[in-house]
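Coming up are structure 1 and structure 2: the same protein chain in two forms, each one given alone as structure tokens.
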Structure 1
């Protein structure tokens, strides 16, 4: 099929929960070139001359010569065939001229049920004096539809025949187009029956296909049976392909015109005629009364669903006490990469600063499983864990703390180690991450390091017999506990501590805050600015005023200092 430049043939995807039997499409086909009229008249003259030459001398011909009236009827039929419009429903069978002649010949003992059905339909058409037009369809079950919809060819060669296995798999894929919704419980069937295997183990989503075709062969179908017609092979072209999937998806190729230019198709025969056609949505629109009933029904269904969910969830949520912040952390150790040895596991633990509390039953530390590295596309040795962890913490400020005091956030320490087949353990790296002070989702990649030692023997021992330098206090990764407890102005110095950079860890965190102060602030200020403010507004409510007061006090102190220096500085004696 060839199409115009301004209206490319594209497919469209629609989704609907309405019955597919209500779907209808209107097809308008019109011939642009009318040069087939003259060849048809010339053919009539040739047929007349041949009939005279082939007849016996002095005897009347078996088939009478076509009269002028019959010729005029044939010409009118040709003129009417220049434009054709029809409305087609889903899986509605319209016969082509070739099918009308083939299936209308009769049935035999070896005929299939489909051939017998088509024969009965054609006989009814003949009784009602109906003839097939240029527009016809191939529906599910037709040999042409089955051959073109098969998706399991090994190559793209037109001579490639599908194997028996491909045909069987395609048959399984087509089953269950009207399947019911999946059940919510017992999703995994440990012992499926053979029938369940055939129904459930399909390669793709089950669907049905329908083709809207056009027979553009050059011949005249007159109403009179006395008109001689030269038979020609069918010249079929696909106008539209419709696929309907079991999940309510409808794929239309090409899409409706919707005010665009018409699609163009050429016959490709000797006359090389050009046709254009339009595709329009022809389904019956819903009236206002039914629309109101449908919307009312949807609202009732949604209300029942909300009521059911409310009964399951409930409305009694545990709220923290006043002036207390509740912090929930849902994390995941996703992966690690570029470590020296294989078979790696991760140890993690939570460090709580002052004024942070947790339930006694909460688990503060844990280990991941031991995983082997795999080669990725970026040439990195990646170790995948997907290990989840969860913390539920409470923050209550001390009585002497100011309202604007920002609490210190907890830290999560990580220690990466490896174990080989000889049970030799090696430390691969240390790192940590601060729990963010704003709620939300975080995807962090943290770098790791490990102690190196002062001698080459440490590395030799690590390589041959396993074991390596470790930290006695894992909090030394950030700020040691001992240093925080000492009230002195001594700076933290790690001079002389030798480390080696190793790999990195990918950690994901979902942080949730909950407090009554946040709820009160959110209720008071329902603007966009207040909606984007987070959990520490209650603790930082006076931070701006404190900073302003500090700046003003600093400015006054500088002014007093300058004035005092001017008073204390002796004035130089004046010489005349």
Structure 2
């Protein structure tokens, strides 16, 4: 992926669900000298690779042998020229020389637990005659970490100041597990602590950081170190920053570079030396068996969840009998608008044409509650009903009907009436709605009218004492029943019938169709699609032609047999 020549010192993001304690990183640090006689590790590495590539050639092999002795020589030299290699685990503390001296001085009254622990560790190291090397680490909670301000400054400006956001995000150290359930009471925290403020308001996951450092100060060899105590400012460089988030993300800056160019760091000392280092991933990998077992376990868990859900859902469903269409209507009378009087209710009823069937227990009609207008609309008089109705109907075509004859859809008739506080009852309007012939969700507004009568007395009576002309047969609103049954050729005429336009009703309908033939078609479509894709049609037509040819041949053979039989059968003798 990346050019091996390039030296990208950028961060790399890795993701893993394994416990972070298994993580190990190998660091190789070496001082780069300009002496060409002593081959550097890098050059040795290149020669090693080359020798592997050219290993077949006998002549080169000898050279390789020679280079092996050179390698040994070089390794000896590197011991002197400060080559260091360590494998570091997560949050493993390695001491620098400076820390070794500081913490090893002793424990006092005011030492923190950390200092005490370090002192103990250093004593153990002294017992084993171990000396701190150049590579050391800063782990979580090290005071020098913050003192060196390793985290905050990203630019090289001397006046770089971390913002509030940077301070807050970097300082989030959440200890407990996430609260998965909301508390039922005490939702508001009146006095949050600063750490709570940071945790709840900044969108980062809790993380831990570790720094792998190199101590590049001059070494004072041997016995002179005891005599001369020259205070030196510690010359520390960050080799690698490792940040681990609690959701399994691992950010490594810079990335592993085994196989690529080494990273170079220069000391700021008087004798400006150059060091280079490699970072390698050193964790022990999982072996194949364990990996296979883990994958199998995950797959089983997922499978079990799926089957569990499928079991709960099950396979049954109510289906209508074959060749019958089932119609479900879920609807509601939502509201009425701009009627003449207040305190109005709606009477609705369903009208079934021929060939429609319903259960006898179904309710075909009903009344809404008597509603009074809302004050929320300024220009219209709106009354809210939110009155539900539900119909379940079956359509079975009559035996004599034509094939695929479209059914006549049922209608719902509405009559709006008002009843005021003095019990005056008035008709406010009539209307109807067809149940749509395509399924779906409908939000309809239907306008209403009311009959007026011929003389003015009807209106006067309606105004003063209530009572108005009502329709005897509500089906007059659409196509009257009487008209239908006559089957004459005269057109429907409502001439002479006077009406007044009143308000409108808002009705919502959800129409659902169900039938077995729809299910069959759906299944057919799916297999037909698959068949077309694989060209089964051509295949089938070939088969058909073969069968046809066979049938023809069989027919001809039979004919021949018949004719020969006729020839061979003895005829009745002419003379008896």
Partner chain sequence: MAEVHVIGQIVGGSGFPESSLFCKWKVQMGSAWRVLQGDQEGQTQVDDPSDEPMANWCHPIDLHFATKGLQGWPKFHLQVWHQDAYGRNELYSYGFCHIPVSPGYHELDCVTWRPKGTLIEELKTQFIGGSSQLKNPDLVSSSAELYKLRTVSMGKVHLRLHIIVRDFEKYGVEF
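Residue numbers count along the first chain shown, from 1. Heads up, when I say rigid core I mean the largest set of C-alphas that superpose within 1.5 Å between the two forms. Predicted, not measured: the structure shown is a model, and the values here were computed from it.
- Only structure 1 of the pair represents the form predicted alone.
- When the rigid core is held fixed, the Cα atom of residue 434 travels less than 2 angstroms between structures 1 and 2.
- The Cα shift for residue 300 between structures 1 and 2, taken after rigid core superposition, is 2 angstroms or larger.
- Comparing the forms between structures 1 and 2, the C-alpha position of residue 26 differs by 2 angstroms or more, with the core used for superposition.
- After superposing on the rigid core, the C-alpha of residue 315 is displaced by 2.4 Å between structures 1 and 2.
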